[in-house]
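Heads up, the chain below is alone and in the form predicted alone; it's given as structure tokens.
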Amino acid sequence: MAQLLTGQFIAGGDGIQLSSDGRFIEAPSGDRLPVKNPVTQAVMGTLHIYSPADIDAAVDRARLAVSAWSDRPLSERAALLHRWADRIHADAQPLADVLMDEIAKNAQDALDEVHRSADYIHYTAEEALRLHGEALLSDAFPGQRRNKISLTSRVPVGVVLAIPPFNYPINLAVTKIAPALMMGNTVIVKPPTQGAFSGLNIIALAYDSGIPTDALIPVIGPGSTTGDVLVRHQFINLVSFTGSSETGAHIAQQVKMVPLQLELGGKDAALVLPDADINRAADHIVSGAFAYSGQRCTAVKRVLALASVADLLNPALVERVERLTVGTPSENAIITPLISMASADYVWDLVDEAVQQGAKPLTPLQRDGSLIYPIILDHVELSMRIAWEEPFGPVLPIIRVSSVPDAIEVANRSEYGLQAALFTKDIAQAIQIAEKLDVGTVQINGKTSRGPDHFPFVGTKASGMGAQGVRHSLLAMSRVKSVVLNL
């Protein structure tokens, strides 16, 4: 039984699963799931796929551990999470190296994700200490005497199922794990296949920091099989999922009477008004559209502008796109290979179809396997799929609209409602337009973006369900309990 020792990392390991004491060991048999390096296409290692019996055993361990974990003083839980965050900070570079190999995130972005995740854990541990209950007196309601007091507090929901996505396998894991643990829940984590090594590494560091192995348990396998078994499991008490809208809708149909926290897809629009600062808008749109090759739910995925504005904006966008570096993660390139060849094929098909239907490329259409060079398409019509579908790649469609009300209508017609960016010097007008946009967040004179992580993060329509952000996640992963004193 080869235990994972402190400070060692498992990228490139083979057949990883959990032993009875919760440590990682090599599985001698069973179905395996390969993890490929998106740049080289070489197999980094294989993962043991959990059987239904393995899943039952893991969930049962988590269920039986809720009482012991939630009984620990809140300050003690916070201290363990602070220790975990410190370990992640200390091992940031090797963790970032695994991210680079596993999901083709560039060197700086990978390191930023690791440090941001540790900062999130620290902040969450502190914020949980500041949550307070309340006391309510009965005579505040008409017709009642002052003979009862309701003492309210927040208690754990039980076992939380956390399913993070491939594009932020560390950060979007800890945004689920940390609030769940702080509120006294135990956690089952199903890492993405592409990103599983990164997820297992931070769980190993959690164990080394003193977080009990029964309070945080990874389960490995494809979403279509392992994921379905988990979300339908009778002892899962809350599901927190980040991923595609299609999968989110499927999960919502599978669960019964279980709270959901869903962070799904987006088709985030940048509305550029005639009085906008064109250079500022171009800076934010290019950064928002092409960081991590556009593989972000909060990426700018379309520009809505009057024809006169587009004619001024386009040269500024092209100039900035031409400065984007294209290459490998180790070169710290902005544009790196997409997560899989299938993803690249989907993006390329959307672009090719739009061009065949009349869209005008403003940048060269260039592809090298799963590496797609940044693309700007002008004169995208509403009849084209790329006007509505989320490419999750380095492509930016420009849709010319007839008026500001037309831009609002086109933005709202999308099935998605995650974020929108609005560029204008008229703040009063910006606030009025923001109120009309059916999205969770409107960024005024800035790119669409998830953070800072203590801000509320919300999606409407097919973009999600429930609010995130540190405090909102703490509240979501707990429930109100009232104790009434009869005087």
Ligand code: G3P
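Each residue number is its position in the shown sequence, starting from 1. Everything numeric here is computed off the predicted structure, so don't read it as measured data.
There is another form of this protein, the form predicted in complex with this ligand, and it is not shown here; the text below is about that form.
Heavy atom within 4.5 Å of this ligand in the predicted bound form - the one residue of 441, 37, 449, 70 that qualifies | Looking at the other structure, the residue within range turns out to be 449.
May I ask you to choose, among 336, 261, 201, 167, the residue with a heavy atom within 4.5 Å of this ligand in the predicted bound form?
-> Only one listed residue qualifies here, and that residue is 167.
Could you confirm whether residue 296 comes within 4.5 Å of this ligand in the predicted bound form, counting heavy atoms only?
-> Output for residue 296 is yes: heavy atoms within 4.5 Å of this ligand.
Contact of residue 177 with this ligand in the predicted bound form (heavy atom, 4.5 Å) | Contact with this ligand, no.
Looking at the partner-bound form in the predicted bound form, is residue 375 within 4.5 Å of this ligand by any heavy atom?
-> Output for residue 375 is no: heavy atoms all beyond 4.5 Å of this ligand.
Verify the contact flag for residue 116: yes if a non-hydrogen atom of it lies within 4.5 Å of a non-hydrogen atom of this ligand in the predicted bound form, no if not.
-> Flag for residue 116 set to yes.
Among 432-440, 38-46, 52-60, 449-457, which stretch sits within 4.5 Å of this ligand in the predicted bound form, heavy atoms only?
-> Going by heavy atoms within 4.5 Å, the stretch is 449-457.
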